[in-house]
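Given next are two forms of a protein chain, the same chain in both, each as structure tokens and marked structure 1 or structure 2.
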Structure 1
Amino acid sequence: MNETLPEGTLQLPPQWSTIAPEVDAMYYFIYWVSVVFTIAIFGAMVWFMWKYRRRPGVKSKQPGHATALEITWTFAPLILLVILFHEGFTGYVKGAVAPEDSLEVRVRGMQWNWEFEHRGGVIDDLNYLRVPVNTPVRLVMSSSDVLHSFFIPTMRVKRDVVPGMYSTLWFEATHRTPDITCESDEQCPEAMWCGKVPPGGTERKCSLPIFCTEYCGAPTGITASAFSEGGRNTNHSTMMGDLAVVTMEEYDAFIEEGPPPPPECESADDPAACWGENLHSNYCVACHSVDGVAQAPAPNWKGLYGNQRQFADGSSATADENYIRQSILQPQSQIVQGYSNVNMPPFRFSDRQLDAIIAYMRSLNE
């Protein structure tokens, strides 16, 4: 299906949502009012400087009062301010109140990733959000650690994601993202970039960028490029995501089936363990090693399954399927002895993904 994609202007990216035209209209109204008044004020300044410049033999008169003129330039701007307030507040209300039939997606921000949970508890791939076209989507957002800010330029939506509270925004995409394979941003249409490999895919695809526009505390010493493979989501400045706009049929199929396993695992001897290894590489490798040696900053996975775990409160349990599932979904419920200072965020995986992680842990023992 060939679809004509929107084009941007000199100052703003293309309009991909229903609310974007109103936001842009308000922006350009303020912009041109500012331009007109800037020219008028500076023009008047230059004219008065020339007309009343100091000249030999001419003595300046004592300035008087023009009461009518002073009242006019004091109260006349109120008309413009009322117009700006009315239009701005109307646009704010439209952007803040989602339609009643909106599709709801749960968003969690964490250093340095975005997690998206759809209806039925289906979790999309980390930093990957898919939404149906021509359907209002309401995002209910929270933070697992520090202050973040969710921003999609093409949708004209931005909202802070604050620890300890929920914030919301909504948008309705008007176009589908084209199915374009890419190796660099230059191969993608305007305002799109060459994103990550989509779940179940084998090649990178063009997608709409998602940014975090709040400084949430980046560690020092990280120099990875923000746009190179492997450089994203390693610090604050690279906390990014990909937005894919699909048909409702494709979205419903995703909800029904859940995130697919990687294609390379289909031919593996143990597809579930292969998928679990892939999930470990994407989500867990920063803290959990699998070499049987390193035990920091979190317990090593090799040899973990089936063994006794001693907890900080003095109790113990066997690391079976139920223990592993609870440790992933509710990591603070059973804190392993010696790891009281570790604050692992809760991850929301589908049942198939949890089964894959458990299968991978079991394979490490073998």
Structure 2
Amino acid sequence: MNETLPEGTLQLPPQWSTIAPEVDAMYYFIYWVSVVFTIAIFGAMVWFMWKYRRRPGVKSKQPGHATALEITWTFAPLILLVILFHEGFTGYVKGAVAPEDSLEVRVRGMQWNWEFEHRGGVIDDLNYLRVPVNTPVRLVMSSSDVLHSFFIPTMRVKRDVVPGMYSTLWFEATHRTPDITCESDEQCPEAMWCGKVPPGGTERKCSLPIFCTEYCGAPTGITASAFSEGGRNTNHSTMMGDLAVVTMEEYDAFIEEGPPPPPECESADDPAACWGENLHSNYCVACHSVDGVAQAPAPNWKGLYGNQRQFADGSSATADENYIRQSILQPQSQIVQGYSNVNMPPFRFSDRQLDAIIAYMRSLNE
């Protein structure tokens, strides 16, 4: 794929979405209106300043009434403003209503990471969003803590992510993002940054940055840049994500197989268990320990596999593959005794990821 990438201007980043040209046209329209007004006003100002500078013997003249002039400059701009408003509003409506056949992606904002869930419950790596090119994509977004805002400059879209409600946003990317490996932002094309290592890859790649534009704080002691702790962001200014635009075929393949295992596991003794451990430390470690001791807030995983489980409703079952799979996809279906007060969120992993987790659990028993 070697198509030419869109280029930006001095003022605006490259146009990477179908609505970008319209937004930019609007931007440049108001820009030129402003330039004309500014030149007119500054011009008149400077000319009068020169012409009527104070000179000995020359007195000022007192203004008379100029109602016609006043009325003109009160109402003439109004016409311009009506045009501006109308155009801006039509553009906005277009941007606000997603086409019927849009592909949907769920977005969850949390301090300070983005999680993306695709069709079929496929969850990609944290802070990594891939979308197919030339396809309208609709993001359905929610927040689990404070306000965030989802912003992709190159797509000209932005929307607040609000706890307690869903907000949506859509765009249609017009270009595939090139596969360029990089070490720093300078090596990337305009408006791209050197993002994180894509899932399954080994080297950092250039991608389109996603920003969080609603202030969401920072813990103390943070000085480093994005993705500092094992793929996790640490504060509002680094609550960034990578947007990779891929072809439809690549996207379908991804949905089919789910995200690939992390490359460091390829050479591991037990690649599946290694991947499972990786998933555990990304998603489950907050609640589940694996040391065989801690049982709060959720059951310990050591010795869990193959064990007899007692449930809150009095029934019981053996923790086999099916049971574990069920517990991850639909945690509320069977609640382990003593854990009725904490709700485990459902995780929709691909089959390969589920296998990996089970392999990891088994390995804990050895």
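Residues are numbered by position in structure 1's sequence, first residue being 1. What we label the rigid core is the largest C-alpha set whose atoms superpose within 1.5 Å from one form to the other. Please read these numbers as outputs of a predicted model, since none were measured by experiment.
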property	result
Selected structure - the one that is the form predicted alone	1
C-alpha of D355 off by 2 Å or more between structure 1 and structure 2 on rigid core	yes
CA of I71, rigid core aligned, shift of 2 Å or more between structure 1 and structure 2	yes
Flag for M26, CA shift 2 Å or larger between structure 1 and structure 2 after aligning core	no
Core-aligned Cα shift of D313 between structure 1 and structure 2, given in Å	14.2
Displacement in Å of the C-alpha of R55 between structure 1 and structure 2, rigid core kept as reference	7.1
